Every structure is written in structure tokens, then in C-alpha cells.
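Take a look at this single chain in C-alpha cells; it is the form predicted on its own.
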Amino acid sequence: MLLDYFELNSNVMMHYFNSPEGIETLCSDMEVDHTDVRILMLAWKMKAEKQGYFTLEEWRRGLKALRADTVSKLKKALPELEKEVRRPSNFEDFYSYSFCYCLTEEKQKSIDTESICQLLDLVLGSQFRAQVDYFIEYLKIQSDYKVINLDQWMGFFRFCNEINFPDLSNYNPDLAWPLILDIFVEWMQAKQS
């Protein structure tokens, strides 16, 4: 069993999992690119706290939840994990987690817009392609926002779920939207005219 193996060989476990290089080795052994969204989903399932590292406790929790005791079984569990994450009851939590997981410094509360663009594409791109593409385009050309905070990140998720796109007919700027989304909508409306 994979857990027993790592418990008996803790030095191997530490090398294999408790470092970014170890995560890349795991990805290689599962034949999954380390930038694949399913690796972020795996981190979510393990409730991993630090990007690029899985502790023994996180590893155990994830393997137990996925009922996987080999790397091969872990790879086979990824499609079911993806289905689980994509359920509406789980996806908002995963979306929020993905932002928090990328906060790599202590007391960090925001992420630079370049990284946000990559994260949006990875996490939300398959569900809301048009919204993500336009928002990324906007983030790249605007100069007012260098970073995005969790409130803005979650606001964009709500925007994608609630606002008719691309006509934006039900967007009401008087409601409690982050200012960046008000400006994004103005930019979209100007672009459409």
C-alpha cells in the first residue's frame, strides 16, 4: 500500500512529495502535467495549505478520500475527482481555494494580475470561456489594478454565474459589485458600441 510505503520510507516521501520537485515527480509518474487543473483539484481534495508541498497528513487525507493506494490508482481517480469538483455544490469552494492556495507569502491578501490571468484560465476557463477571455483581455490592458484580492476574485465568479453575457443586460452597478467589475462592464459596453 502506498501509505505504508511512505510511512516506512519517510525520507522517500519527503523527497517525493514535500517539495515542488517532488510534486513534479508525482505528476510525471501519473503522466499529468504539473500545470493541469486536476493537480490543483488534488491539492483541494488533500486540503493542502502550502503551494508545491503535500504534508504526510494532507497526503493521507487525500488518498483515503480518493480510495487510492498506488500512484496508478491515484491517476485513475482523477476523472472522478474532476467530476466532484465541477459539481456546483463544490465548485465555489474549489474556486475560492484556488485563490487562497496561490497566496504564497504570509499575510499576502492579493495576487498580481498576470498570475490571476493564468489562474482564471486554468480554473474557470472551461466553464465560462467568453467571460474569462474578455476579463483577461481587460486585465492586460487596464492600468488601475496591479493585484486582485479575494473579494474581487469571488465577485468575478458571481458575475459569471449571474450576469447575461455578452449583452450584460441584467448587470446593475448599484448592487454590491467590486469596482473593478463596474469598470470592466463599462469597458465591455464601450467595446460593443
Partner chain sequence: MLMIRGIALFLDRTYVKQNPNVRSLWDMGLQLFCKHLSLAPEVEHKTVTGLLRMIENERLGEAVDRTLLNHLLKMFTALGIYSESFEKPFLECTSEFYAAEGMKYMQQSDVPDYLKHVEIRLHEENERCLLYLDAITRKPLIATAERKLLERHIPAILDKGFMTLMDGHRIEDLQRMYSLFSRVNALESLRQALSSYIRRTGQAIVMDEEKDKDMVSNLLEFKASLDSVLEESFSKNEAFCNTIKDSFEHLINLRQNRPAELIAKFLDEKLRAGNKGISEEELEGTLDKVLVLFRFIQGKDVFEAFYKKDLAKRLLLGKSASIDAEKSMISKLKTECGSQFTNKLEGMFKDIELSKEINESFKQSSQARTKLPSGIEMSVHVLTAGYWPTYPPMDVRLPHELNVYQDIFKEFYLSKYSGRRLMWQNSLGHCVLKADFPRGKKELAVSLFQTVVLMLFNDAQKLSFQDIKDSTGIEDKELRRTLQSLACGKVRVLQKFPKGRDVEDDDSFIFNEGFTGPLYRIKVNAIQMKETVEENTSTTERVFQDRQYQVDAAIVRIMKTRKVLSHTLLITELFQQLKFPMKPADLKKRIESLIDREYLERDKNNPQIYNYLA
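Numbering follows the first chain given and starts at 1. Because the structure is a prediction, the values reported are computed rather than measured.
Absent from the display: the form predicted in complex with its partner chain. The rest refers to it.
- For its partner chain in the model of the complex, the listed stretch (53-61, 123-131, 152-160, 38-46) containing residues with heavy atoms inside 4.5 Å is 152-160.
- Although the partner is absent here, residue 178 is a contact residue: one of its heavy atoms lies within 4.5 angstroms of its partner chain in the model of the complex.
- Residue contact with its partner chain in the model of the complex: residue 182 places a heavy atom within 4.5 Å of it.
- Using a 4.5 Å cutoff between non-hydrogen atoms, residue 173 counts as a contact of its partner chain in the model of the complex.
- Within this chain, residue 73 is remote from the site of its partner chain in the model of the complex, having no heavy atom within 4.5 Å.
- Taking its partner chain as it sits in the model of the complex, the stretch 107-139 comes within 4.5 angstroms of it through a non-hydrogen atom at just one residue, 109.
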